[in-house]
Ligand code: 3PG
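Taking the form predicted on its own, here's one chain by itself in structure tokens.
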């Protein structure tokens, strides 16, 4: 994509507004951050801009109306960033009001300041975005943008994980300020475009987990465009594929699917199997939990008397052979109920194979990364995307508001 990088900006002694995504899971018991992955991913851009002498101001969100328990201040984020950077990161509990603007005005070259949670502003929450449809140009009149934009010389966005959000902090500053993508944003686009546009062959997609709407939107795109040479299905995606083949899973599993209205995916699964049967692999066997004991059944032995919680040994073996010979591997979703020891074998074995494989691996999505972290060292994965919804939309060929705004800013030069 044609977007500028921070190397294209002269930031010495300039005020630079940096939009990062450091939205982190919060421990409900302690109220503290329990996973600092996104904070660490933001460090290269912050460090490079500060080292270049920018007067650097960070804006970020934490939580939303849909996950209100995560809607907390960014004070701990500032403290953790400072520790990771080995330098002071200022914090002020104001987003764009007089106190924030005064602190921005006093910032020295090389200084770093984190403003408070963007989601404390109504115009930044998802319900506002969904209810009030504003263009990027119209968003320049929002409280956030009209108060902050005049104070800055440049805007940098490093928040790929929020690229699907059409919010003022994501798409409006590009209308008013010289704009560039941060190190993480550029790395995300390089990694994902490498999968979506010109992957080394064979290219294998592993699609599992519970969010099968994600899997099905990607599957349609990557199969129709010839991106994926093989799609390995597991989790609920694999179960729906079996249903599309006319297999009776058993009332417990089928009730689970019906109760979540996921049976609507059976019809498109039939279509995918009809058009791309040579590229799609479905489970050969499954496992269920019999009072704490793992029991496996071949597909021919179904239905199962209890909910299916994993792929079986034969499926694991077949999938591992395909993964070992892959040149590109993309994964979204675990193979089974990996939180349970009885249901973890498929997820554990596939992650061990992917981590050891010679092919370049790219993974993304919250549950995907969490399951990988449980069983392997993430340093053995080629690229770990910070994106969830943004990643799915990108690989599904859907437009992302951030990328549209960044490309427009580059073309306006």
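Positions refer to the first chain, counted from 1. Just so you know, these numbers come straight off a predicted model, no measurement behind them.
Beyond what is shown, the protein has a form predicted together with the named molecule; the following relates to that form.
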Q.
Residue-level contact is defined here as any heavy atom of the residue lying within 4.5 Å of the named molecule in the predicted complex; does residue 38 satisfy this criterion?
A. yes
Q.
Can you tell me whether residue 64 touches the named molecule? I mean in the predicted complex, with a 4.5 angstroms heavy atom cut-off.
A. yes
Q: Would you check, heavy atoms only and a 4.5 Å threshold, whether residue 161 touches the named molecule in the predicted complex?
A: yes
Q. Going by a heavy atom distance of 4.5 Å, is residue 77 a contact of the named molecule in the predicted complex?
A. no
Q.
Within 4.5 Å, heavy atoms only, one stretch in 196-204, 324-332, 164-172, 256-264 touches the named molecule in the predicted complex. Which?
A. 164-172
Q: Between 10-48 and the named molecule in the predicted complex, list the residues on our side with a heavy atom within 4.5 Å.
A: 21, 23, 38
